[in-house]
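One chain comes next, on its own, written out as structure tokens in the form predicted alone.
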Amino acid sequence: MAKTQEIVVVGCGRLGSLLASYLSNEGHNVVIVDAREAAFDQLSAEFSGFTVVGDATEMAILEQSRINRADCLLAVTDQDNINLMVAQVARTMFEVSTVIARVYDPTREAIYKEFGIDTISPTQLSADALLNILHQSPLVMP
């Protein structure tokens, strides 16, 4: 991401706040949405973007986040259904070019792919990393 982009992050938990802070520090225009105003306390002191309090599955909240100008949407709440719904709306209704969603249930990734949504599955990433470590080290039997 060389040029400044308009980025909407949905979900201001540990991952969302980290991403929003990092992207803001890189000089991107970031809007972060969360249903809980207290969630924004997790943003870094250097965060220079905007915050929107509300349910991102509501069209008015997405419009308030300036999704119509977004180059990228990151749906990273802890709920797969919300991430899928928001990502699908971003892709189909607002034609956001880059849409990435966190999905905990790896069996749901195919659904996201049907809508042209890239995914990151912490469950799958963790399983892959653990298996990789396991395969690299000899099993110790008691």
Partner chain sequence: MRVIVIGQDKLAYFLGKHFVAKGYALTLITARREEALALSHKLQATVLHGDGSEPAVLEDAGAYRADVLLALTGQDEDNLVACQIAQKRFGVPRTIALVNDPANQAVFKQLGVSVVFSATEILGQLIEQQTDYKDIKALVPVADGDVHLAEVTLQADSPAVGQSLKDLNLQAAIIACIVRQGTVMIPKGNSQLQAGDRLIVISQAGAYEAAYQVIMGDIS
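Here the structure is a predicted model, which is why all the values come from computation and not from measurement. Positions refer to the first chain, counted from 1.
The following text describes the form predicted in complex with the partner chain, which does not appear among the structures shown.
Q: Answer yes or no: in the predicted complex, does the partner chain come within 4.5 Å of a heavy atom in every one of 5, 29 and 47?
A: No, the candidate spot makes no contact with the partner chain.
Q: Taking the partner chain in the predicted complex as the reference, which of 84, 52, 39, 100 has a non-hydrogen atom within 4.5 Å?
A: Partner contact (heavy atom, 4.5 Å) among the options: 84.
Q: Considering only heavy atoms, tell me if residue 107 and the partner chain come within 4.5 Å of each other in the predicted complex.
A: Yes - in the predicted complex, heavy atoms of residue 107 and the partner chain come within 4.5 Å of each other.
Q: Considering only heavy atoms, tell me if residue 68 and the partner chain come within 4.5 Å of each other in the predicted complex.
A: Because no heavy atom of residue 68 falls inside 4.5 Å of the partner chain in the predicted complex, the answer is no.
Q: In the predicted complex, is there a heavy atom of the partner chain that lies within 4.5 Å of any heavy atom of residue 64, even though the partner is absent here?
A: The answer is no: residue 64 has no heavy atom within 4.5 Å of the partner chain.
Q: Can residue 89 be called a contact residue for the partner chain in the predicted complex at 4.5 Å between heavy atoms?
A: Yes.
Q: Within 95 to 118, which residues come within 4.5 Å of the partner chain in the predicted complex, counting heavy atoms only?
A: Result: 105, 107, 108, 111, 112, 114, 115.
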